[in-house]
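Consider the single chain below, provided in structure tokens and representing the form predicted on its own.
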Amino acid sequence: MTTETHCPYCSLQCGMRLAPASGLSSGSGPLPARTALEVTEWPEFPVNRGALCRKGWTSTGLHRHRERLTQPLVRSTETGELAPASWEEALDLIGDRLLALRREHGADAIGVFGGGGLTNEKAYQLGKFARVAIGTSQIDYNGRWCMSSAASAGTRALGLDRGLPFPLADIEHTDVVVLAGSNLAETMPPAARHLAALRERGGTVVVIDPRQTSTAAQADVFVQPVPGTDLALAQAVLHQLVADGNVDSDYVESRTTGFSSVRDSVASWWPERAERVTGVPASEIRALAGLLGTAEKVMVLTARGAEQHASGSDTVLAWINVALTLGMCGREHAGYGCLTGQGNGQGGREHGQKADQLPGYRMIDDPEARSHVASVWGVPPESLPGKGKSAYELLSSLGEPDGVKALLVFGSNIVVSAPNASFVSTRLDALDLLVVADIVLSETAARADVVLPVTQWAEETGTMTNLEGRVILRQQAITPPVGVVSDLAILQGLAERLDSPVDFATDPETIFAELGRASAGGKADYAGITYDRIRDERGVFWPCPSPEHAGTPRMFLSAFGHEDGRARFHVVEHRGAVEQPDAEYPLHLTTGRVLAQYQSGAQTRRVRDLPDDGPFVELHPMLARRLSVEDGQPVRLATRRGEMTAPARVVDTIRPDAVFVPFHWVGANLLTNDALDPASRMPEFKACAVALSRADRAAPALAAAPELGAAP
């Protein structure tokens, strides 16, 4: 017996089949919990066509892992240690504590923090639970740190946030694809085949990144700006497009508004000025603009490298301005898209985990939206709370006199993933109650007062929405270990103890049907999608407002999401990173991913067949010589927020004025800046000022080196 399902990691949601490793099975239904599983190909699924990365092939490595949690843990008031407890004891304790806090301090004293890896059903139910069972406005999720800048920009410019408004395979049929801040070959290896297919057709791949990554090594054009200067680069490209006369005037006139103001705003961004800011030679900027301006079809794709900045939403708007100027958005095999990161980063934000949104991308302060969703939930619209704090602002309020005093965490490892992580950890410790639902004792769960063991991928059924807006179905292949329950059962149990005015279902298909009703008429309309349709069609693209609707693989072909059907140009200004290098902290720090690990590493670091070499610091040979650092030697990084020590990796693929640290381990986010984008509330993960020294020296040894600001 095999089960068709999807990888538990990134937003590709690659199709795969699961089967007993022994090859033997009997009967129907999920396999017994202790059955060893193996991954096999599902070549008919169109996103990956059977291809998987190493993480996908080894994704069953956690199913029988010795660190798997199989019973609730409650922190003893006597010893301070976590000790086993029954489910009744754990849920009763949580319910009693939450009721007491709500009576004393109000519902907003209770916070809920979700995750971009939760299924649509869990994300939807979590938002409903927060607003109905608890009555709190204080809910957000780690997807705020993933794609919120692109979501904000897409909504403002195009009228709708769907990461890719076209199928991923369209990459193969464009002429030029620009990857701004994406290392596709390492973060989503099966997707890189589309780049190879494009090049085989004679197309061109452009990569913009401070590091010459594996993706950049395969590119036809590589542009290496100073971290935090992508916006200035986009402004200069647009300046040159205008100067060269490469503006699609008919398209701009008929399908957009606001171009003249943007054209005037980039008049001063001639390439020589941009060179001084970005470190990219003016000749390269002109060549890039010439390439884009003369191509018939251009696709611009942004990812976290361009987005995780305090000006990330403006940076995305600047690249959308470029795509609109060229007349590409809303054309087949062209346009702008965002490469979503987390497995359900798209669906996770559509249905209620965000502080300002209700299901279907409805805004929580819209009276009509509140009325519609309240009617589905069976509660009065006025009972729904208003807009809450964004993710980092929520965490910053933990334990404060009028802030959140209890936090429930589902699907997130905050201690590793939050910016300025030392500060966030102190806020977690200041809570009256911290509850974490997880599959293993993550760094965040280890600090909790109550830990709840939950089902994982392959032990449950539920939908996800991949980076294309394709709603897919993860199907249960195996029963969970004894003592492990679904997040949905936890929410039901807590809702009962909190005297919820409505019941909470636990059957995923029942919840998905309710999600469809709640999203009906919204921008992310799932009303016409069912489990049976997903199985039959191998995924259905939203919006899909009725059973008769075919779904929408390609958006904006006839109109954009604004009421007048036109896209919006936006005037943006380059501000640069909030924290610039100086005499004390003279280098740029940037962070990112590596091939073998995923997100905070809570899963992948426990998979035996994935290499776990720990954190490292990537630096250029010029910088290494200045510090007398050799490859593999421990070095110390220090910022205004914290410090870490890790082995040096001396490479010539990074700028001499920058260092890189992967974020899958505790360390990188002890350093990162918590400055927030004013529109998206995205923290500035990708750029801050840092000092570097040999670990055997007492203090940073590198003085300011302005000569390293030029491009290598």
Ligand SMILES: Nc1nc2c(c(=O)[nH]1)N[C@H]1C(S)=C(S)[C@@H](COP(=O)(O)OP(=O)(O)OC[C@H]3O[C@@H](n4cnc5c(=O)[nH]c(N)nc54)[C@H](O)[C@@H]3O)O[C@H]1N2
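Quick caveat, the model's predicted, so the values are computed rather than measured. Note that residue numbering follows the sequence shown and begins at 1.
The same protein also exists as the form predicted in complex with this ligand; that form is not shown, yet it is the one meant from here on.
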4.5 Å heavy atom contact, His333 to this ligand in the model of the complex:
no
My question is simply whether Leu18 lines the interface with this ligand in the model of the complex - judged by any non-hydrogen atom within 4.5 Å.
no
Would Pro480 count as a contact of this ligand in the model of the complex, using a 4.5 angstroms cut-off between non-hydrogen atoms?
no
Using a 4.5 angstroms cut-off on non-hydrogen atoms, would Ala437 count as touching this ligand in the model of the complex?
yes
If you check Leu587, Val454, Val132, Ala219 against this ligand in the model of the complex, which one has a heavy atom within 4.5 Å?
Val454
Contacting member of Gly462, Pro227, Gly352, Gly469, with respect to this ligand in the model of the complex [4.5 Å, heavy atom]:
Pro227
With this ligand left out here, work out from 559-567, 271-279, 519-527, 404-412 which stretch has heavy atoms within 4.5 Å of it in the model of the complex.
404-412
Contacts from 292-311 to this ligand in the model of the complex (any heavy atom within 4.5 Å), listed N to C, are Ala303, Arg304, Gly305, Ala306, Gln308, His309
